[in-house]
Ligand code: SAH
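The chain below stands alone and is given in structure tokens; this is the form predicted alone.
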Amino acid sequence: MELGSSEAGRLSVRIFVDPDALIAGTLTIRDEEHHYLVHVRRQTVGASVCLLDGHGRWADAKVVSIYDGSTELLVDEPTMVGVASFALTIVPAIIKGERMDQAITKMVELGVARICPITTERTVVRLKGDRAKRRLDRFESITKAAARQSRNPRPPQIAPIQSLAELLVAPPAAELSLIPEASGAAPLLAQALPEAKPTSAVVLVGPEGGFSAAELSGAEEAGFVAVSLGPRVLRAETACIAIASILAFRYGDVGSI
């Protein structure tokens, strides 16, 4: 999704700023975004920058001064990005280390609107207290970096980590609710997708080993429709990427603009 007609907005380096800070005038950035702009992207005085607030607003800016720990920008009037016509929520069971990081990165690139990480009966990674907070902070950092790289002006919201049972008490509202499973008994995804474009969808993706029979039953009672992704058993991170790609192509903006 492009940000509009501005050449600078489309081609310049993009960084995220606090929504309250995105106003016309002078803005000083520090810490991670200053490091990314100056030391990673090696921007100098006079360079064009596109500022994003993560909630759909953006603004062109120019670098006017660079200091040891900060960069000063001159910011144009902010503009709003058009709202996506299809919002996809993925609910992935947490998997180990880099594989979870990869799944989140690719979901951001594909335009997923919300990611709700969960634990299940067969989840190997167990997170509580400080460990859960650190992992959630990591997910949010990965999301921001992937959004910068992919020029996604609306990075997905990352929901707090919860159990599948907790999520099913009040599942994310959506017109289409799916749960891929590998038993072979469920209809193929292509047969389950409606011809009329839904405005929203939510998909549960299980861990290695899949959901238990009780979890599948509970999800179906909560309104989720079981579907099959085909004859091969996909790893958890592959299933996240596959379902995001298919639905973004069918109903979203992948391959359509």
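The structure presented is a predicted model; accordingly, all values stated were derived computationally and were not measured. The first residue of the sequence shown is number 1, and the count goes up from there.
What comes next is about the form predicted together with the ligand, which is not displayed.
Proximity of 24, 51 and 60 to the ligand in the predicted complex is absent: no residue of the three has a non-hydrogen atom within 4.5 angstroms. The listed set 223, 69, 209, 194 contains one residue whose heavy atoms approach the ligand in the predicted complex to within 4.5 Å, identified as 209. Though the ligand is absent from this view, in the predicted complex it lies within 4.5 Å of a heavy atom of just one residue from 145, 158, 132, 182, which is 182. The closest heavy atom approach of residue 234 to the ligand in the predicted complex falls within 4.5 Å. For residue 227, a non-hydrogen atom is located within 4.5 Å of the ligand in the predicted complex, even though that partner is not displayed.
With a 4.5 Å cutoff on heavy atoms, residue 239 counts as touching the ligand in the predicted complex.
Of the candidate stretches 104-112, 173-181, 135-143, 71-79, only 173-181 contains residues with a heavy atom within 4.5 Å of the ligand in the predicted complex.
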